Every structure is written in structure tokens, then in C-alpha cells.
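Shown below, as C-alpha cells, is a lone chain in the form predicted alone; questions about how it binds or moves come after it.
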């Protein structure tokens, strides 16, 4: 059990540490006060903080200094505020009991006086629980504070008046429904009353509460594995929180009273199994309820349960494993001196025939493990039930610990299964006539190649035996035929006498095979929980020649599309670029360039022949500027044509030409207007 508890504790420690580090990280970002602030602005996270700190404490996680720095100012503020409710004071004092914040002793006196007034006037079980619980915490922190309850009998009676005939409690005198969770709160409050009473509480009243506890335990629910739990009728509480509340209340009440509670030990052990069987809860609240309840059971006064567990419930005949048993408390502490005996062990299928009886296990003080060196030779592979008995050495310990009597533990014994006489054959219509037969090595590789038609049959047979030579019947034996089109057919191989055998009559299977001829891969699967050499092997293939399908024959179902082939990477596309055309020699290219200049030279010669002059070029500053810009614009258009020829695309060229055209239109119009005006003046003169 210790190993199991250690594994659970490791996961739980990591979970809680991550949760609290997240709270501290948020507090560092937005201020320490916001660490405990809820959505509506009220401080309501001290309860969660205590639950985390308490769980750290039980699991042995050391708290960091950051937790004290972040939490203690909030605790001091709550304890010093006059507006703090009994619930705020209760959880602030609980947190302080762990962190040991620096609280002024005068504050305890003020708080105690306030809480005593609340206890005197309270009519709610919850208020009484918080107030009395806070007073007991103050008594533990400051023994000099006056926290005694003067009218303890009256308070005890007012709480007891809320109890019901079935052991449950109501939250108030006006409440109609009773609750198992409230019973735990009431028992904690009653324990506080006994502890704070200025005079001894009447034993008759304490005896009445003990009877209520017995009635409450009569309502326990039971799982098939022997775990006990308390069910809760109210919707806002589940079995875990209700059971944890009762365990805390019962252990608190038993710690402050004398005498026996007369609680059955198997119920206490069942409660421990309930909390241990939960695993790792999903919330911090459930985790606290689980760990805190186990801590209460670990140190209770009436009966400490001892848990028997096996580090491994699977034992191999091949490896000759030792049978190991551990006995620990619920949180993994070492048990008192004791002896573990194997009363008997029997196969799950034959309870009346034990394979071993009355064996005492050897104890190793260093590892605290009880072990059985050698299993009897009659133990074969399979599932067995081992019955253990724990015997305490000191009779006085029987008053403190509960061992649970006989404990039944299921154990799987595994081994290597022998495979013999494996063969595959093709038969004619007459079973006695074997056309082809091949031996198979099912422990190695096979690659048989067979051929058959629809008038023949396929037979596969083999034998399985245990290490002791008994016939072995595994849970799974399948034969699969897979067509080359990926259509699969699976058949169950039945056990016949001392061997497994299957005969496939292809004539009766043509419709099931959808008349698909071709290659079928053969695959055999044999598996079982106690079979160490379970396998899935390819045996080879068979070529089937089936008749042509009739017109109305059923077609093969469409095969599911492989998502990797549908959504996976596609095949890379290789581009083939055109081979560049052969260029002319350099001399020819230069000659052609020279010929293109010839028309320009002819243009210049033509201008000289026409006797072109620039006498009409404007001489005034403004007209001359427009004339120059006009000629620059024409040159720009010619240059744009050159760029279009060399590198620009059509759209870019047209866009630039649009701007140049508008520019030329403006400056050209101004230039021509000046020339026309000058010509008109010349004619008039």
C-alpha cells in the first residue's frame, strides 16, 4: 500500500504545488490582496488556501517563504477586522495554525469575546460550527485566552436537538431536510463544546451522540470491492465530501471523549478503501477531502486501519517472481510488528480446490516487505485468488489497529505458452483428401504460398499448452484473410478437443468474399492476459480462384479513405522549363544594332534638307519654359516606349503614359497658344 500511496502522493503534490504557484504568480502580477479576492470583491479564498496548506502538511511538502509573505497579511487583516464573519475568522485561524503568523495576543481576546457572543445567540449549525471551531483554534494558539463556554450543556443540547433518528443532522431547527454532511459538522462542533466546557459535559448526552454515530454508520453504502461511503441526499454535496465530513467529525468527537464508539472495524477499513480507491480527484476541494480524511483515519483513537497490498498483481512463471506483500497504514506509514499468512490460494474457476494452504510469508525489515520465496509447482498460468491473514504480534495492538481479517487479492500468473503441431492445408471437397499441406512455425517467421479454388477448403490447426502441459484456451484466437483490395474477413478459431482448428469452405464463402479472386494475405492472432508470448503473425498468402459474380451479386463495401493519403503531403511536382533558344553571334547582334540607328541618321539628314530652324522657339521666359517642358514630355514618352520594350509590362506602361499624356496636353496647349498669338500679331502688323 505504501508504494501506491507514494505514487498517489507524488501526483497530488505536483497538482497542488502547480495550483498554488499559479495563485502566487497571479498575486505578484496584480497585488497580493488580489490573491484572495473573488469576482464580487470579497475575500473568500482563505478556505481554499487552508485546504491547500493542510494538504501540503499531510503530504510532507515544505511550504515556501512566499506563501507566508502573501498570506499572513490577509490573515492579520481578517482577524483584526470588526466586519469579519465567523467563517472568515475560522479559516483565518486555521491558516494561522499552519503558517504561525505574528498575531497580537490582544486580538485573540477580542475575537474570543465576539465568538462567544455568536455561540450564545446562534441558531444555525453552520454558525455554531465556525464559532466553536474558531474558539478551539484560539485555545491551541493562546492558552491564556478565555475561550471557555459557560453554558456548555445548553449549547451541547441545542446542537443535539438538530439530530435525526437516522443519525443525520439538520442545519437549523426550521430546516426540514437532514444531511449526512451536516452530521459531520455537528460532530466537530460537539467535540469543540466538550473541549471548551468549563465543567464536564453530562455523560448521558455524550452517550446519546455515540448512539447517533452508530445509527449513522448503519446507513453506509457499500461497493462490490468492499469500500464503504456515505451517500448524500442533498444535491450540492457528493459522496466524497459527505464521507469526508463524517470522518472528520467522528475522529474529532472520539479524540475528546472517553470510552469506545463501538464502530465495526470493517466499516472503518471500508472507508479507508473508499478514499484510497478514488485515485487523484479532479479538483483541489476533492483532493483536500481525500487527503485530510486519510490523515484523520491515520491518527484516530478508535481504530486505525491497516492496508494489505501487493506491489505487483502479475507474477511470471518465466521470471520466477517472488510473491510480495506490504502492510501499511492508509498514508504509507510502517505497521506495528505483525505476520502475514497465506491462508489459501485457489483458481478463480475452482474455489473448492486450493493449490496452496497455510504458508507464512518471510519479512524483510529493510524493505518492510513480506514475501513468499517459491510458488507451489502446481501453480499454472491463469487467474487466482490469494487469501491472506494479518496477525499482530502484540495483543494490545488489536485495540488500536484493525487488520481486516482475511483479505482476498486477485493475482494473475503468466507464462510462456507452448505452440505445437501447427499446420495449414488446402483440402479438396472430401476432407480426407489433402492437396497441399505445410508446417508452420508460429514462434518464428512464415511465408506460405497456397492456391485454391471455390471447390476447395482451407484448414488451419495448432495446439496450445501451458508450462505444466495443460491445454490452454486463450481469450482471443482470430484468423484474418485480407484481399489485395484491402477487403478483410475475420474468423474466430474454435477449440476442438485438444487443438484449435478452423476449416474455411470457399464454396459457401464466395458471397461473403464478394466473388473477389486474387491474393489473400493470411494473418493469425492469439492473445490472452496470462500469455506472455501472445502474437499477431502473418502466415503467408493464398491465391483464390472464385467464379465470376452474377449480375445481382453484392459489391464489396467502399474502403475507408486513409486520412494520411487524403490530407497528407502531395507528391512533389517537377517543373520542366523550356530550353533557351540559340542566340546569334555577338558580331551579328552589333551589326543589327548599327542598322537600327540608320533611320535616325536619315531623320537628321531630312531635317537639314528641309532647312528646319528654331527661329519660332519662344524667347519669353514663361512660353519658353512651356516649350522646353513640351519637348521634354515628348522625349519622356519615347523613353517610356524604350522601357516598355525592355522591362515594363503593358499595364504599368499605360498608367505612366496616362500621366505623361495629361502633362503633354497642358504644356503643349500653352505652347501652341503662344505661337498662335505671336503669328496673329505678326500678320496684323
Partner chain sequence: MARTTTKDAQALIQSFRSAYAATPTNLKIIDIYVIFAISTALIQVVYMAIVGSFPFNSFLSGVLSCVGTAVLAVCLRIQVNKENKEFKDLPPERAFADFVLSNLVLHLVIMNFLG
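Source: prediction; values computed, not measured. Definition used throughout: the rigid core is the maximal C-alpha set that superposes within 1.5 Å between two forms. Positions refer to the first chain, counted from 1.
The form predicted together with the partner chain is left out here; the points below concern that form.
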Should residue 645 be classed as touching the partner chain in the predicted complex when contacts are defined as heavy atoms within 4.5 Å?
-> yes
With the partner left out of view, is residue 603 within 4.5 angstroms of the partner chain in the predicted complex by any non-hydrogen atom?
-> yes
Verify the contact flag for residue 592: yes if a non-hydrogen atom of it lies within 4.5 Å of a non-hydrogen atom of the partner chain in the predicted complex, no if not.
-> yes
Does residue 641 make contact with the partner chain in the predicted complex, using a 4.5 Å heavy atom cut-off?
-> yes
Which of 619-627, 50-58, 66-74, 633-641 sits within 4.5 Å of the partner chain in the predicted complex, heavy atom basis | 633-641
With the partner chain left out of view, which of 374, 536, 588, 455 would have a heavy atom within 4.5 Å of it in the predicted complex?
-> 588
Identify, from the list 391, 583, 105, 490, the residue with a heavy atom within 4.5 Å of the partner chain in the predicted complex.
-> 583
Thinking of 599, 610 and 675 as one candidate spot, does the partner chain come within 4.5 Å of a heavy atom in every one of them in the predicted complex?
-> yes
Compare the position of the CA of residue 393 between this form and the one not shown after a rigid core fit and state whether the shift reaches 2 Å.
-> no
Superpose the two forms on their rigid core, then report whether the C-alpha of residue 50 is displaced by 2 angstroms or more between this form and the one not shown.
-> no
When the two forms are laid on each other by their rigid core, does residue 596 show a Cα shift of 2 Å or more between this form and the one not shown?
-> yes
